[in-house]
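Next comes just one chain, in structure tokens: the form predicted alone.
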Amino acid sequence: MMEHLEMEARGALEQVMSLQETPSEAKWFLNCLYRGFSPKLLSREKPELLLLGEDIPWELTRAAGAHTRVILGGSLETTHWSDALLPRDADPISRSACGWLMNPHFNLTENALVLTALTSDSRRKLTGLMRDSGINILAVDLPPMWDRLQWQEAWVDGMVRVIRAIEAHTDKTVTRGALAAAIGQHEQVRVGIAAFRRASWIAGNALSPALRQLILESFWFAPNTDEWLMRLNRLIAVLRETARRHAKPAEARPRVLIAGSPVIFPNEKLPLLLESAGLALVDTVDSVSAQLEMPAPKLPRFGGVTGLLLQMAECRLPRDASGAWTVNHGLLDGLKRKLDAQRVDGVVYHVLKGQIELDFELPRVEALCERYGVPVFRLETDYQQQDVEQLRIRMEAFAEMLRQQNLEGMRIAL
């Protein structure tokens, strides 16, 4: 039922908003999230393009000026809608995405071209299922590595295919100037997010970590990126003023990073578990958040779209935390940057059931964190709520261990 989808979104928002009073400047972002689950709007929405997953740069669709919706999963309700289509042991992101695009309640694919990258066996199977159902979908392969020119050129070839398909479907040309402008906008988003993270931290308790996470996730649901940036800059100004007027209280809670599977609205189970266990979420390292933290490439003065794509490949692929890589250097390097940049007491390694490619990275993640003296807590779950109490007990035990570790560190310092 579409009403259940809306209720799921409302419930997640209400849980996060109950943690503290929500600043008025933050409510616009929460409304973006809520509108993305509105039955009335979903029934009317007919996007030209659908990005299935985070692996294809959103700059390509922005350069075409086409109405685009991004499908990342996240919803328990849409996983129920896919029960008859996918096996129960498929990963929750794939099942949720399938429910978003193949359900009897609304049809986002009616006029749309679906664009995706084949980053896992589940994505490959889902692509075949959608194609057999008559959905217009283009799936591109990603190379297994990125550190050789031949792999970068293979990635560029795939993105050229995406652009040609966009142009054929929308009857709009992706020009060099339009792509350069979209890359510039991406850089504005990256800089804005970095400034927001800094401002929310120095403002102390003005925003709960769970609310901060929602504000960042709202990017994928915002109808207009320029307005999202404008609203974010307003919120940053408010947070800076709050920090100026009020001294920031010392953060007594252990500070943790979430790495691994992405947290995607409305599945806010993990940030809420951290809050209930008395842990402070300071950052995330995953394939979705990495997309918004990619630095912009240096744009060559000459050359066409293909030249820009090659510059994008050189710049973004080393930071891409895609499950397609043989070794996920983007995830490991992203985690190292975050550990270098701030104090982190522990890492929660989040693995959604079925995302086995992330479990392959766990020994490397543990080895990296061991060098920093940071313990790793592996947490496997899905979108269901039945395991919340069991996970809360384990999370509280992890939090207590971190508190004891911090107390011991203070004694040694004294």
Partner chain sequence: MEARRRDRFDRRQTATAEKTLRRVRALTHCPQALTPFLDTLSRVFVDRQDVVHPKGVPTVGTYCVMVPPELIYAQGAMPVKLCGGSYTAFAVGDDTAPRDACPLVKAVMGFEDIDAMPAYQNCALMAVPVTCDCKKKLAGWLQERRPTSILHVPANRDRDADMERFTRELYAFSDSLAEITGVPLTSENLSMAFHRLAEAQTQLSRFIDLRRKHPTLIRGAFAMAAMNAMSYTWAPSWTKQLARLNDELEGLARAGTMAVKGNQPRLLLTGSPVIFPNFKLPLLIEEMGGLLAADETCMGERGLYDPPAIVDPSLNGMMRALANRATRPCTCPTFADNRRRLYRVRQMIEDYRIQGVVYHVLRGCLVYDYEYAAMEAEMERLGIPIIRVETDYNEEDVEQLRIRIEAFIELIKYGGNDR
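Numbering follows the first chain given and starts at 1. The structure presented is a predicted model; accordingly, all values stated were derived computationally and were not measured.
If you look for the form predicted in complex with its partner chain, you will not find it shown, but the lines that follow are about it.
| query | Taking heavy atoms and a 4.5 Å cut-off, does Trp228 contact its partner chain in the model of the complex? | reply | Because no heavy atom of Trp228 falls inside 4.5 Å of its partner chain in the model of the complex, the answer is no.
| request: Report whether the minimum heavy atom distance between Arg88 and its partner chain in the model of the complex is within 4.5 Å. | output: The answer is yes: Arg88 has a heavy atom within 4.5 Å of its partner chain.
| message | Can you work out whether Pro143 and its partner chain are in contact in the model of the complex, taking contact to mean some heavy atom pair no more than 4.5 Å apart? | response | Yes.
| query | Hey, in the model of the complex, is Arg148 touching its partner chain, heavy atoms inside 4.5 Å? | reply | The answer is yes: Arg148 has a heavy atom within 4.5 Å of its partner chain.
| For this chain shown on its own, do Arg131, Ala139 and Glu380 all sit within 4.5 Å of its partner chain in the model of the complex, going by heavy atoms? | Every residue of the spot touches its partner chain in the model of the complex.
| said: Can you pick out, from Arg190, His80, Lys125, Arg164, the residue that has a heavy atom within 4.5 Å of its partner chain in the model of the complex? | reply: Of Arg190, His80, Lys125, Arg164, the residue with a heavy atom within 4.5 Å of its partner chain in the model of the complex is Lys125.
| request: Scan Asp387, Glu45, Glu366, Asp359 and let me know which has any heavy atom within 4.5 Å of its partner chain in the model of the complex. | output: None of the other options qualify; the answer is Asp359.
| said: Quick check for you: of 336-344, 257-265, 320-328, 272-280, which stretch puts a non-hydrogen atom within 4.5 Å of its partner chain in the model of the complex? | reply: Heavy atoms within 4.5 Å of its partner chain in the model of the complex occur in 320-328.
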